[in-house]
Each structure stands twice: as structure tokens, then as C-alpha cells.
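Read the single chain below, which is given as C-alpha cells and is the form predicted alone.
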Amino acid sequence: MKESKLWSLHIFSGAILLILLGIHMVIMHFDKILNLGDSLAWKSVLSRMQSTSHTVIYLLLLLFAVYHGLYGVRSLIFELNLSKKGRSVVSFIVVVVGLVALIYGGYAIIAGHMAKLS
């Protein structure tokens, strides 16, 4: 039962990633077509990061990408027919790596949101 819930979350996170990556692609790579200005200019980057909606989108993108990616890696490693202890060790490592990635990435996103325009 637990694995089916984790798998369902994996599928759900993939669907959410498609939506969030679509938003990201439009903003970052169709800037010239949609006349949004230069998306890589420093002022544009800072103004995007200070926008609450962009900050929330980036935090959600981070959360779903870390879960989706690490669950996928965990599933691939589990196909090696590990022992129960081996599976526990792999799960623990995946959780630790995921938490570190979330803390580091979240810090970077929040720091960008709090940065002062100069």
C-alpha cells in the first residue's frame, strides 16, 4: 500500500512538473516572441525573483522535481533486488539527499526573493 501511494505521488509530481516547466519555458525561452524583454538581464532576473508568484512557482518546481527525480532513482536502485536492510539504507540516503537539496535550493530561491534591486 505504501509503495502504491509513493508511485501515485511520483505520477502526480510528473504531471505538475509538466505544467510548471511549461510556465518556466514560456517565461525564459519565449521572451523575445512574447515581447517580455530580455529574460537573462540582471534586472529582469531580480524582478522575477522578487515576485511572489515566481518564488512560489520556483519553490514548487524544486519540491516536485526533487521528489520525482529521487523517487525515480530509488525505484531504479530497488530493481537490483536488494535485501530489506539494503532498501532501508537506500531509502535513508535518498531522503537525506532530498532534504539537503530542498534546504539548499529553498535557501537560494528565498535569498533571491529577498535580494535588493540596485
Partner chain sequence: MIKNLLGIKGWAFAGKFSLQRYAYILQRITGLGIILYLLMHLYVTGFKIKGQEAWNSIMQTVHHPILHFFEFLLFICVIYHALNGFRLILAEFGIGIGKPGRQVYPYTTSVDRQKGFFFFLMFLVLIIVLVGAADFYLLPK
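C-alpha atoms forming the largest set that superposes within 1.5 Å between two forms make up the rigid core. Positions refer to the first chain, counted from 1. Only a predicted model underlies this, so the values are computations on that prediction, with no experimental measurement involved.
The protein also exists as the form predicted in complex with the partner chain; that form is not presented, and the subsequent description refers to it.
**Q** Verify the contact flag for Val96: yes if a non-hydrogen atom of it lies within 4.5 Å of a non-hydrogen atom of the partner chain in the predicted complex, no if not.
**A** Result no; Val96 lies far from the partner chain in the predicted complex.
**Q** Flag Thr52 as yes or no: does it have a non-hydrogen atom within 4.5 angstroms of any non-hydrogen atom of the partner chain in the predicted complex?
**A** Answer no; every heavy atom of Thr52 is more than 4.5 Å from the partner chain in the predicted complex.
**Q** Though only this chain appears here, would Leu6 touch the partner chain in the predicted complex if you measure heavy atom gaps against 4.5 Å?
**A** Heavy-atom contact with the partner chain at 4.5 Å: absent for Leu6.
**Q** Verify the contact flag for Phe92: yes if a non-hydrogen atom of it lies within 4.5 Å of a non-hydrogen atom of the partner chain in the predicted complex, no if not.
**A** Phe92 lies outside the contact set for the partner chain.
**Q** Are there residues in 51-69 with a heavy atom within 4.5 Å of the partner chain in the predicted complex, and which are they, in order?
**A** Leu62, Ala65, Val66, His68, Gly69 sit within 4.5 Å of the partner.
**Q** Core aligned, does the CA of Leu36 move at least 2 Å between the shown form and the other one?
**A** Yes, shifts by 2 Å or more.
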